[in-house]
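Okay, so here's just one chain, in structure tokens, the form predicted on its own.
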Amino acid sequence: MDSRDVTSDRFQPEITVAAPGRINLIGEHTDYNMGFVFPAAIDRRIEFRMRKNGSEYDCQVYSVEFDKLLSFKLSEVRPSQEEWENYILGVVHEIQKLGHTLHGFDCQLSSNLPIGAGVSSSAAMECGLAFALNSLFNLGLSKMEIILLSQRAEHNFVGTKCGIMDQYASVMGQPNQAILLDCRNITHEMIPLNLEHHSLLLLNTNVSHSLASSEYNLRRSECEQGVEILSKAGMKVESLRDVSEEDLVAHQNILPPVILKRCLYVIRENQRVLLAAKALKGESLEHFGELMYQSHEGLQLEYEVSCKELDFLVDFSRKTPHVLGARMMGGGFGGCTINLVHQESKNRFVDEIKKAYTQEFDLELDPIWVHPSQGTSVIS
């Protein structure tokens, strides 16, 4: 197969799959602690244009955005030095580990998802490819199997020990719905997202501090240390989901101060997620917005994964009457804030905060309006 074909505008696919990014309304760093999260798929996505190429093992994946071509053989799948390639290779590897047979394929992928903004372009990449290969080769994988193998791909090939939320939201999302997900039982409830006269706005800081990946894994380790200490002290605990704030306070003398702060944040954030879902059910957007601000304070002061750019944006939003709530979203140390903004004031707010951000940091701020949308699906 001529590699120029898969890189051309004339590439003809057999199937096209769209995989969305996701927002998380509230509930950050709770998923790998077996807690609750509250994500939604969004109307920004990666499209996978796929076809069989008639070969036994030869595969080509062309990224339009990166203008890069990945060529590999199904018989020789191993991790790459290029991070984006590992999302592809990891999914193929996990499908093969399950005993499914793939054959040579060509894939052209394009995206309008911002990279590094905390909207989980990585999960969209994994789930979209897995969904497309499942459809193209009639593998018979369920949605849950696609979610889990995509998560394993990120663990084993990319090296990020992510929880289940990102992949789950990308696959299971529905229009105008948020997903209240229990990460321990892997069950969910769809919550109608009636925002009345408000819209969801992401503000991309356009910074990605080098701490992000290493600190993510460190936070996970710190939470595990807390569970281990409490377990050795006689508590029946498998994850922080099993620990109440009262339990934590009762054992605070045996927990190192940093570990205590990390655990305290997770326990409080789990409660905020449940309160947020209740607020939306009761159509109390004001209470929901205040919980968003509380979430950011916890991420900033207890979990310590924020940064000065994110804090500046949340502080600015809090001083603005037509913004009901704001917080950092994603792993931290850069990326986006998510804001609940009144529609009548949204253009003025964007102009004001962009100007203030540029004056403060000499950086451009990218506004991204998002709407809860359909999960990963075949579109043609």
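Just so you know, these numbers come straight off a predicted model, no measurement behind them. Throughout, we count residues from 1 along the sequence that is shown.
The same protein has a further form, the form predicted together with a small molecule, not shown here; the description that follows concerns it.
- Though the small molecule is absent from this view, in the model of the complex it lies within 4.5 Å of a heavy atom of just one residue from M165, L133, V273, I146, which is M165.
- The putative spot formed by G27, Y216 and G331 is fully lined by the small molecule in the model of the complex; each residue has a non-hydrogen atom within 4.5 angstroms of it.
- Only one of 335-343, 27-35, 44-52, 64-72 lies within 4.5 Å of the small molecule in the model of the complex by heavy atoms, and it is 27-35.
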